[in-house]
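Okay, so here's just one chain, in structure tokens, the form predicted on its own.
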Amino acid sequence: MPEHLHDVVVVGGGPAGLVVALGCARAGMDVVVCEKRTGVIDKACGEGLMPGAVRALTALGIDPPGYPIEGITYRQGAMAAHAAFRAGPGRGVRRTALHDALRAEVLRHGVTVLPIAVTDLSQHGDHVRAGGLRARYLVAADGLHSAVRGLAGLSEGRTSRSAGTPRWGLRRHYALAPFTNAVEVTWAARSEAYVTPVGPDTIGVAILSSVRGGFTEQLAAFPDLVTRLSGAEPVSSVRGAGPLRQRTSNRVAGRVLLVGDAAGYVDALTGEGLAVSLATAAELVRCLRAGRPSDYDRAWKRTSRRSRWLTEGLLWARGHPVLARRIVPAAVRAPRLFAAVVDQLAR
């Protein structure tokens, strides 16, 4: 009996991988997901869905529970700049709730999720082999430190000139009623703290920093936030991620395609990661449906360009202490410009 040939094997059961699997299944493709982790998947994440991400999920029929977000606030000391979303509300959503909703929809469409760790990869004329499976295409959605990206020869090493200072992320939740309906970003000398309401009685606190250290140590850089959190009970363990910047030479190598964080990552500074992952996942499915996988790298660059440029620009300013101290004051002095930037991020 001939060995079964799947249309698509997706490696990684996070949001990007599940959205690709869902899109492929809806297009009538035979798709299977390989995810070595069992149960609900969590990760360090700011958990603020931009309006564009909410719309993308709605189009997929996915409506995860969360808390409405109407804008972004930047804080530094006594200064604060706020900009409302013009394109509709965003939503603070626990990563576990998002995974639950996506996985349920994928399973409803008959997609098989296998508890397989993919550690091998070989490409052939009309198929690819990995994890004991054979498929026409393999989609690597296995995260920031993608093993498949390395197996496919698409990882680009760090260089002192181009990589910049490594940055890391930490996240924890607290049992505390939201004190705002916006994502609040507080700037310190070498780090930022993101407060995102994710429920009527829960907030998430994520810290991005160029200095490694424990959550309590990092939180100490934000004394006003420490005061706000005083007495609040932590309701999740600390999760970390990093280094955040990951470079890739291409998003396509033969029959292997990269999506989500595996496709390359700049930084979480602008909070657009999930929105970009959803948009590029849709482009990947479109290219596979058209039988033109080689078009995907160009489509990925086009779809993620605005986000990458905004993030690179803000990260460059963050890397220069004199400029970094002026980011929030500039947003306060030029509210229309700040609102325009937030509008770009929200799309």
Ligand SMILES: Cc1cc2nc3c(=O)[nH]c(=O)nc-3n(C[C@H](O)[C@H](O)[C@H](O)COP(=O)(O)OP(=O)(O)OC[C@H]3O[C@@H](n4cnc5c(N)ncnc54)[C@H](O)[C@@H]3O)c2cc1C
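Quick note: we count residues from 1 along the sequence shown, nothing fancier. Everything numeric here is computed off the predicted structure, so don't read it as measured data.
Absent from the display: the form predicted together with the named molecule. The rest refers to it.
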Please tell me which of Cys45, Val285, Val32, Leu57 lies within 4.5 Å of the named molecule in the model of the complex, judged by heavy atoms. Cys45
Would you mind picking the one in Leu310, Ala317, Ala299, Ile41 that has a heavy atom within 4.5 Å of the named molecule in the model of the complex? Ile41
Contact test in the model of the complex: Ser277 vs the named molecule, heavy atoms, 4.5 Å: yes
Find out whether any non-hydrogen atom of Arg95 is located within 4.5 angstroms of the named molecule in the model of the complex, and reply yes or no. yes
Evaluate Glu192 for contact with the named molecule in the model of the complex, applying a 4.5 angstroms cut-off between non-hydrogen atoms, and reply yes or no. no
Is it the case that Gly23, even though its partner is missing from this view, gets within 4.5 Å of the named molecule in the model of the complex, heavy atoms only? no
Of these, 227-235, 139-147, 214-222, 246-254, which stretch puts a heavy atom within 4.5 angstroms of the named molecule in the model of the complex? 139-147
Are there residues in 13-30 with a heavy atom within 4.5 Å of the named molecule in the model of the complex, and which are they, in order? Gly13, Gly14, Pro15, Ala16, Gly17
